[in-house]
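We begin with a single chain expressed as C-alpha cells, specifically the form predicted alone.
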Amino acid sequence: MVGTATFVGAALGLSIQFFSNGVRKLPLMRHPWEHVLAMGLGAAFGNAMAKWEVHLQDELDKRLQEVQSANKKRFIGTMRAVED
C-alpha cells in the first residue's frame, strides 16, 4: 500500500508540473529540478494520505468498540430491570 501511495503521489506531482508548464505555454521540461521536487512532494503527500487513512480506520474501530460496549451494557441493564 505504501509503495502504491508513493508511486501515485509521485505521478500526481509530475503531472501537475507538466500541466502547470503546459498552461503557461512553456516547454514541458523547462526546469527538471522542479519536476523532481513536485514528484517528491507528491510522494510525501501520498504517503501522508495513506497513513491518515490507517489512523482514521483505527479511530473508527475504537469508537465503534466503545459504542458497542456501551450499547451492550445498556441492554443488559434494561433486561435485569425487567426480570426483577
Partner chain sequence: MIYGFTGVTNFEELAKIFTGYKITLFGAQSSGIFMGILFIVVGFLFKITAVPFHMWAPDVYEGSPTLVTSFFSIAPKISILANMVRVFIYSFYDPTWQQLFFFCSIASMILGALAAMAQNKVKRLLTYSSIGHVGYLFIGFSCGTIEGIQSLLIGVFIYVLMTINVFAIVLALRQNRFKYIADLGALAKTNPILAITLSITMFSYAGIPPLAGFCSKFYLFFAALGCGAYLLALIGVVTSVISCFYYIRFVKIMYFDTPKTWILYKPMDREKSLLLAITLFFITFFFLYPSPFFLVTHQMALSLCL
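Positions refer to the first chain, counted from 1. This one's a predicted model, so the numbers in the text were calculated from it and none came from an experiment.
This next part talks about the form predicted together with its partner chain, which is not shown.
Though the partner is left out of this view, Met49 does reach within 4.5 Å of its partner chain in the predicted bound form, counting heavy atoms only. In the predicted bound form, Ala10 stays away from its partner chain, with no heavy atom inside 4.5 Å. Proximity of Ala70 to its partner chain in the predicted bound form: non-hydrogen atoms within 4.5 Å are absent; the residue sits far from the partner. When contacts are judged by a 4.5 Å heavy atom cut-off, Ala44 does not count as touching its partner chain in the predicted bound form. Contacts with its partner chain in the predicted bound form, taken as any heavy atom within 4.5 Å, map within 42-64 to Met49, Ala50, Trp52, Glu53, Leu56, Gln57, Glu59, Leu60, Arg63, Leu64.
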